[in-house]
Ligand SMILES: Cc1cc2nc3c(=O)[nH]c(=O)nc-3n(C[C@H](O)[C@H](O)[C@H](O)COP(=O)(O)OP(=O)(O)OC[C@H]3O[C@@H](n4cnc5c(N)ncnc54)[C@H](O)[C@@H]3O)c2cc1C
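Next up: just one chain, as structure tokens, the form predicted alone.
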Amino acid sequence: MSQSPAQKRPHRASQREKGDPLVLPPGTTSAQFKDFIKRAQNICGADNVFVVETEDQLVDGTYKEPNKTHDMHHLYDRSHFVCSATIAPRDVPGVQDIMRLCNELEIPVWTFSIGRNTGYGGAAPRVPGSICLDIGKNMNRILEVNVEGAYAVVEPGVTYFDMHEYLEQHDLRKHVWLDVPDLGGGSIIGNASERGVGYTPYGDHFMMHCGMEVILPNGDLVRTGMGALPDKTAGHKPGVPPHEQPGNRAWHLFNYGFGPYNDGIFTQSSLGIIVKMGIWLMPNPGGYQAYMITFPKDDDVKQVMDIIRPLRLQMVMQNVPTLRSVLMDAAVYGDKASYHDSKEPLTEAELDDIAKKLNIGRWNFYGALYGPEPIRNVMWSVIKEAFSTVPGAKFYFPEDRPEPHSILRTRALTMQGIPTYDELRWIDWLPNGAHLFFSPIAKVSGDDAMLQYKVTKKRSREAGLDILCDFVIGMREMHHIVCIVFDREDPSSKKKAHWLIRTLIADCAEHGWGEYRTHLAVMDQIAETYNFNDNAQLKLNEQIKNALDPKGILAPGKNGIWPRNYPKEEWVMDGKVEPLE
């Protein structure tokens, strides 16, 4: 059914009938929605279908108990980015049937695995009134752990904690380790498909994936790479549904297969739903040692980053290390009120006092050594000599930091693939703690790091917010993760956070620093900064979207890519920055 822009807009009926959602899907009547829900219940079971009928149901929840209806870290009203219903398919055919039903009725779908994409929008849809598919609730099996090939095959609901517990229960950590992000409650597939990072040598999660099974917007099922080649010697059986067929024996060993490489278009995208994925595990290195190095001055970041670059390129630093600001660490030890009663951003002197009180630096570096002891000793001697050139640098191993909530002791777990929750504590820096992540990318350079930090610090102070940030160092680039913490119950605090992220996007674009991942509210703004040659990349993405999803059903607007039936003048949230009062 062809719809005008006015018809496409979601709407909130002033008088709703029983069974109506708080926000109807765009272009959908009450009767059509109820028909959809009835048919969805027949596909997935009534207990797997939940309609969001009232604002009372919009409970923010917590990281451990995430909501699945809206953004728990809401910049706008809770009901701004809200779904009309959540549906949890029971299996691959169920996902296919729901996608075919949504195509028939032209109802938009937003998918999530667990709902813990915290700081970037959680489970919330970009288009209000969308159906949210809870892929991870029922599809949560570890399908295989292959020690010889050092890989696992998982469904979307498998979390890092799930996989770690599996390895422990089956006595497999003596053979293989998992790479984990800062918090272990997220989906392995969800994090890799959003191109998230961890902190072992296997820290680039998408780089370490291998082989997908994907449902396209029209409900078709494909396997990527070597998975496209049936392997009769692996037990292929005629008449068995495709999703139950065993995969090619090299499916999770060789990424590329034959022809164009497709996997990348299913990351941060609206082109398919990943229902199986292979993920490479790290062979047990035979030894491990975590360490921490503290640096006393705020401007040490320049010298430190220039020391890091050659060591990282030469693989002397084997893992993905982090350089964390004083408040990034201090916020784990306590909230702002435990240090100071000021409502204003903490001053340089106050930050120095906190560093002294906690016996940490203005910058704190966390890394790890892997391998037998002779290898670790050689690596450590090179690293320690290099950083000893920074005046006042101090070196620690975990046993040197026995304090409660020691960041080094937590990172010592994270950097060997053991998931934790402890770093959740920094979210409570302010009352009713909520946060946005601002994540620009730059080369590993002292000049870039210092300039990026100065820009961020200046704008944070203008917004009246403290700066909590760290640099996550990849092989040749660094992610500057800025944690914009605000009080979600305070309209003024929310406005400051919104102003800050929009202003930083514009500032960083002027320097050629682009964000690699972002919150729903600023996806359009960031997409517009990637505008080389008259937005050639965005136009290519739109062409692919319209070819694979002609009705614009799957995740319209994700990462700024709008299908043709969503006119941009009606849907794009511009990057205009309202002045602070």
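It should be emphasised that the depicted structure is a prediction, and the values quoted were computed from it without experimental measurement. Numbers follow the displayed sequence, beginning with 1.
The form predicted in complex with the named molecule is left out here; the points below concern that form.
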{"item": "In the predicted complex, the one of Ser325, Thr111, Thr224, Ser130 near the named molecule [non-hydrogen atom within 4.5 angstroms]", "value": "Thr111"}
{"item": "The unique member of Glu194, Asp487, Glu106, Glu462 whose heavy atoms fall within 4.5 Å of the named molecule in the predicted complex", "value": "Glu194"}
{"item": "Distance check, Arg517 to the named molecule in the predicted complex, heavy atom within 4.5 Å", "value": "yes"}
{"item": "Close approach of Gly278 to the named molecule in the predicted complex, 4.5 Å, heavy atom", "value": "no"}
{"item": "Contact label in the predicted complex: Gly190 to the named molecule, heavy atom within 4.5 Å", "value": "yes"}
{"item": "In the predicted complex, Pro93 touching the named molecule (heavy atom, 4.5 Å)", "value": "no"}
{"item": "Segment that reaches the named molecule in the predicted complex - one of 267 to 275, 168 to 176, 283 to 291, 390 to 398, heavy atoms within 4.5 Å", "value": "267 to 275"}
{"item": "Residues in 163 to 190 close to the named molecule in the predicted complex, defined by a heavy atom within 4.5 Å, in order", "value": "Pro181, Asp182, Leu183, Gly186, Ser187, Ile189, Gly190"}
